[in-house]
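This document starts with one chain, in the form predicted alone, laid out as structure tokens.
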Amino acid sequence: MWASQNKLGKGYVITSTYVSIAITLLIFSILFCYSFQAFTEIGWRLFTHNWNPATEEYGILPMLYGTLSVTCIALLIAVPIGVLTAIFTSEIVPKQYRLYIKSAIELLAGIPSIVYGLIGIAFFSTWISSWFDLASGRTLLTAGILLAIMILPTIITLSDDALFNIPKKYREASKGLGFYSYEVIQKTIWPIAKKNIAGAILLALGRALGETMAVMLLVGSIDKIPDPFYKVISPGQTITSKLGREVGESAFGSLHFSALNAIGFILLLLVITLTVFTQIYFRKKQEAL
């Protein structure tokens, strides 16, 4: 009986693995096929600054810049706050209160992105326009701030789990050596949990790169790189906001439609590349230990 159950479980795991790989390859293949026309007819002109379907100009650099800048702003805000909050909930808060605090934080992940976008328009957009004396608060910075709030629950929850699930014996051994509480966290808990925390940040990065509705409402939707390029209080455009606005307006099979698919394909490549390099880096770090 146990042998048959083990075989069934093993078969389920193997099947799930192959199905996941097949779905990934299918998405990759479909995006590549529909973007092939853009790659062949437009070529390197995809990596220019001008986007104007009427003149068949499809430069994606403003969208790439907007995606990277909004994501970087979100990570710069969310990562330190999220990791420090996870340390607080797992190591400092009394256990009887930890579950309530964590549950409240996890509720934030269930709020629809469109609601976040409406909150951003009502509050953050107004604040940014007031602080920087702008005509409109729909800027790259506004989108980055809101995106940071949206990815915080992912970072906090997974980082908290990574820290809290470390066996107590490591903490007790460190305290037995005379470490203070902050030294236990710094010298014992953090080195063990940092790989899993990096995985949490990577998942948050994936959501940040793929978020559409909230960013589309706040980013400003201007196909232009700011001058100077670091002026993030300017309106911009991300890959996802561009796709969200124009896919429905493009004719299926047209060069415009293919160019939009090419943007999606490049975003997929970006996410895959980041994931692979991160996995290779931590594998080498683990082998070196």
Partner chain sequence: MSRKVKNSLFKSSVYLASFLSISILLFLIITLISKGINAVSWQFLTSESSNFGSQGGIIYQIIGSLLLTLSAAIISFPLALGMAIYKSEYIKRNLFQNITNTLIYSLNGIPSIIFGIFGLIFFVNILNMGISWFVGGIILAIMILPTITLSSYQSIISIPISYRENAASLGLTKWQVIHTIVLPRAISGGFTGLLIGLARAIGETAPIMFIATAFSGVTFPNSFLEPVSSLPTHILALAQQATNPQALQNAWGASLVLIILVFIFSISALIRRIHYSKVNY
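Just so we're clear, the structure is a prediction, and the values are computed from it rather than from any experiment. Positions refer to the first chain, counted from 1. Take the two forms, find the largest set of C-alpha atoms that superpose within 1.5 Å, and that set is the rigid core.
Unshown form predicted together with the partner chain; subsequent notes refer to it.
| query | Pick from 163-171, 97-105, 67-75, 194-202: which stretch has non-hydrogen atoms within 4.5 Å of the partner chain in the predicted bound form? | reply | It is 97-105 that comes within 4.5 Å of the partner.
| query | Would F28 show up as a contact with the partner chain in the predicted bound form if we use heavy atoms at 4.5 Å? | reply | Yes - in the predicted bound form, heavy atoms of F28 and the partner chain come within 4.5 Å of each other.
| task | Decide whether I149 counts as a contact residue for the partner chain in the predicted bound form under a heavy atom distance cut-off of 4.5 Å. | result | Result yes; I149 sits at the interface with the partner chain in the predicted bound form.
| query | Is there a heavy atom of L217 no more than 4.5 Å from a heavy atom of the partner chain in the predicted bound form? | reply | Because a heavy atom of L217 falls inside 4.5 Å of the partner chain in the predicted bound form, the answer is yes.
| said: I'd like to know if I233 sits close to the partner chain in the predicted bound form, meaning any non-hydrogen atom pair within 4.5 angstroms. | reply: I233: no contact with the partner chain in the predicted bound form.
| query | If you look in the predicted bound form, which residues in 109-126 sit within 4.5 Å of the partner chain (heavy atoms)? | reply | Stretch hits, in order: G110, I111, P112, I114, V115, Y116, L118, I119, I121, A122, F123, F124.
| field | Rigid-core frame, C-alpha of I27, shift of 2 angstroms or more between this form and the one not shown | value | It does, since the I27 C-alpha is displaced 2 Å or more between this form and the one not shown after the core fit.
| With a C-alpha distance change of 3 Å or more, do A22 and N196 lie closer or farther in the predicted bound form? | Farther, not closer.
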